[in-house]
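The chain below stands alone, shown as structure tokens; this is the form predicted on its own.
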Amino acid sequence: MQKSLSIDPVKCTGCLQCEMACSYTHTGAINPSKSRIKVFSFEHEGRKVPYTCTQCSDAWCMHACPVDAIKLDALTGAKMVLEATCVGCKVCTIACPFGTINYMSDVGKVQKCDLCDGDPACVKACPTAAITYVDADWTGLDRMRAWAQRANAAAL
């Protein structure tokens, strides 16, 4: 059973615990600018929304990478950036229709959510359960994929 992150923006308080947990897990330091999940603030709506890679089944980032630095983790379904292979060309950032791949200028590489090997730190850190890790069929992932396919067809 594939699992994916499910985000309920109604439950998000904007506490940024997810960003801090993510950055700490991946870098050993609390530095939200290094987080692979971002909390966007929609001031006019009075809403905060966590957002990260949706792990698309037909991952455009993975197919666009000219050096094959993004590989599928068969266990979690995450599209993993192989930092040693990544050349920092940023083609994947352009290919991603959701804008969830980040370029790290300090190391000249990209990063994206890797689902923390199936135990996402952001989920454990979220005090309101705005972020959960559930069966992928329950998250609306198929609707996102269908939207991405329509967007791709329109671009052609």
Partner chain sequence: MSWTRKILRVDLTAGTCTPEPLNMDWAFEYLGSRGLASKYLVEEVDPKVDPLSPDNKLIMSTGPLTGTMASTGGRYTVVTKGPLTGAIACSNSGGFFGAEMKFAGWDMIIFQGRSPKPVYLYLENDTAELRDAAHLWGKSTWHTEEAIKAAHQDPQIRVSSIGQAGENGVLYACVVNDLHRAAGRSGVGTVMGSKSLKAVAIRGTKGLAGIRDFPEFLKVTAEKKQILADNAVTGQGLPKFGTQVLMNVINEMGALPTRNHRDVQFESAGRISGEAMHETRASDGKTHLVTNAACFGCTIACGRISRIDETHFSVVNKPEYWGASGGLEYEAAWALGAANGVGDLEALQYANLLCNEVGMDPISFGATLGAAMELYDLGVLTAEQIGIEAPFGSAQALVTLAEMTAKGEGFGKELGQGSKRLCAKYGHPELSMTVKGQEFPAYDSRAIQGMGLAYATANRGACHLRGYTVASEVLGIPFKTDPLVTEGKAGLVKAFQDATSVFDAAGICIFTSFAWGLADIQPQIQAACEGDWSLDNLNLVGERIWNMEKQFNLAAGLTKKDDDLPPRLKTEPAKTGPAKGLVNGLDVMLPEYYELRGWDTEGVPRADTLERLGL
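Positions refer to the first chain, counted from 1. Bear in mind the structure is a predicted one, so any value in this text is a computation, not a measurement.
Although not depicted, the form predicted together with the partner chain is the subject of the following passage.
Residues 66, 68 and 133 are none of them found to lie within 4.5 Å of the partner chain in the model of the complex, as judged by heavy atom distances. Heavy atoms of residue 38 reach within 4.5 Å of the partner chain in the model of the complex, making it an interface residue. Proximity of residue 46 to the partner chain in the model of the complex: non-hydrogen atoms within 4.5 Å are present. Among heavy atoms of residue 32, some come within 4.5 Å of the partner chain in the model of the complex. At the 4.5 Å threshold, heavy atoms of residue 108 stay clear of the partner chain in the model of the complex, well away from it. In short, of 53-61, 23-31, 95-103, 108-116 it is 23-31 that has heavy atoms within 4.5 Å of the partner chain in the model of the complex. Along 102-121, no residue reaches a heavy atom to within 4.5 Å of the partner chain in the model of the complex.
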